[in-house]
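Only one chain is shown below, in structure tokens, and it's the form predicted alone.
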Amino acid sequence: MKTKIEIRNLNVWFSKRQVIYDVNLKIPEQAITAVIGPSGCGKSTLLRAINRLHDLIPEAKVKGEVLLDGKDVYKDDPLAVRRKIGMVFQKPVPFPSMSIFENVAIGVKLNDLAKKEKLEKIVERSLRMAALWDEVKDILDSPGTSLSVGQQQRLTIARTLALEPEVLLMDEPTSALDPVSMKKIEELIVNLKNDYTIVIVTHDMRQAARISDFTAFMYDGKIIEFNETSELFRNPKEEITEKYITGRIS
């Protein structure tokens, strides 16, 4: 399978405290890669390093390479990187003063990526891809905050998709949702892998087993093991991986 993102010797520090150590990882194209591990092991930090969100934190320092289709994102314009590598966070945050339509269109408008007459098509396409169009097509002028939490998360996914990224990074996108909303998001993620490379951080190992093609296990800022999900869960090669997935460490 073709590699979409290759991470080479990645190290990350915050205020001189190292939190990621020499991470090397190849993320396959058009597949779902789950990153699992205990709280505080560096999963979210790794995700943010991939699309250069640490650039916004003065005390953060990053060394190493993150290659997107063979090109180092740290040698590219950070805004261009974040258009190619979209990010969906744990808690959905619709812009409170904006309608559903405006929430989806805002990134396209700010980046001047489409003329006004094309915005409606972009918004509809993005909402359809986020499996939200049928639920909101008659209330596009309503505030984004009027939606349920599960709908808000799909709205933020639509907002990310509107920029036509190549990669979707998802940081625990279902942790704040009820089981019904979680199932909808999981089904959405599985459908999206037909068009996108997806990396999802999750604390829910059952979720990783359900939806991911590959899984990376992190511990103390290091990648301990990476394999096809079914193989990693069925036959982990490292003892510490086996202890984590069987609940003997947390």
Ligand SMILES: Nc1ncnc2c1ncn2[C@@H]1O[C@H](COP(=O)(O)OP(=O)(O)OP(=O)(O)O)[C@@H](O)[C@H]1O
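Quick caveat, the model's predicted, so the values are computed rather than measured. Numbers follow the displayed sequence, beginning with 1.
Another form, the form predicted together with this ligand, is not on view; read the next lines as being about it.
- In summary, the region of this chain contacting this ligand in the model of the complex, judged by heavy atoms within 4.5 Å and restricted to 26-34, 208-216, 177-185, 54-62, corresponds to 54-62.
- In the model of the complex, this ligand stays beyond 4.5 Å of every heavy atom belonging to E102.
- Remark: F14 counts among the residues lining this ligand in the model of the complex, judged by a heavy atom distance of 4.5 Å or less.
- Interface membership of C41, defined by any non-hydrogen atom within 4.5 Å of this ligand in the model of the complex, is confirmed.
- In the model of the complex, this ligand sits within 4.5 Å of a heavy atom of V19.
- The candidate spot formed by R83, E164 and T197 is out of contact with this ligand in the model of the complex: none of the three has a heavy atom within 4.5 Å.
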